[in-house]
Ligand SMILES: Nc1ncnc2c1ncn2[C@@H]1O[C@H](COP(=O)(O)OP(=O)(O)OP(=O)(O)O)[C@@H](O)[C@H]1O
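Read the single chain below, which is given as structure tokens and is the form predicted alone.
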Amino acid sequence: MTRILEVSALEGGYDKVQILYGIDMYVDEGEFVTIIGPNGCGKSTLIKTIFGLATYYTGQVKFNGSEISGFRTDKLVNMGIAYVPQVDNVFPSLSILDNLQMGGNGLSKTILDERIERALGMFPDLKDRTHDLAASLSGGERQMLAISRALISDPKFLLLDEPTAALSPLYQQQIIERIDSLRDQGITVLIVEQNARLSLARSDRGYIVSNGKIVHTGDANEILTDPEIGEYFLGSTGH
């Protein structure tokens, strides 16, 4: 299996405030990998550092075997990496169609139209509403739009920061199912998620972050069924 992402001894944060301490992790091509952990532990900072949105200090990040440590986001997008932030991830004053077109700056009209059509095929909830303003969408629909826009760049590797945050249980389920289905399109997924059980149930593997370090990694099902991990990181089982 091809290793699409390899992170070694990564340290980073925001300017001089260090958040990450010696992160080692990997993602193989075609995998769905979830990062979980308590609030403020560095989960989001980790994927922001990988994607050039937080301050890279030291360590190594490789994408498809090539060094990308500290690269600018535009260069990473051109290499096939896309990122969907948790908040401020759509332009509310623009239509759905305009938002999607914003994801394809520099593409020919033919290719852009093809990619928009393909993205809307994955999120049919948006297909009949392309002229509606993004501001009129529900939280779940906005998330679908944000993911759709990320797909316009035709990524091979998608990073998502808490895509189900503040959504209804129904939309949480739908969003995770749609993200999982992206693997059928050849897209590898790395997701930071507060709803650990929901995301791990669809994942191949998981990483647990605490205090800026990875404290556990393993098969997703093993993490879900480990009683000690469940008690501390996954919340009450309801039993």
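Because the structure is a prediction, the values reported are computed rather than measured. Each residue number is its position in the shown sequence, starting from 1.
As for the form predicted in complex with this ligand, it is not shown, yet the points below apply to it.
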item	value
Heavy atom within 4.5 Å of this ligand in the model of the complex - the one residue of Ile19, Ile223, Met25, Leu10 that qualifies	Ile19
The unique member of Ala196, Leu190, Cys41, Ile175 whose heavy atoms fall within 4.5 Å of this ligand in the model of the complex	Cys41
Proximity to this ligand in the model of the complex (heavy atom, within 4.5 Å), stretch among 59-67, 26-34, 196-204, 41-49	41-49
Partner contact for Glu141 in the model of the complex: this ligand, 4.5 angstroms, heavy atom	no
In the model of the complex, Gln86 touching this ligand (heavy atom, 4.5 Å)	yes
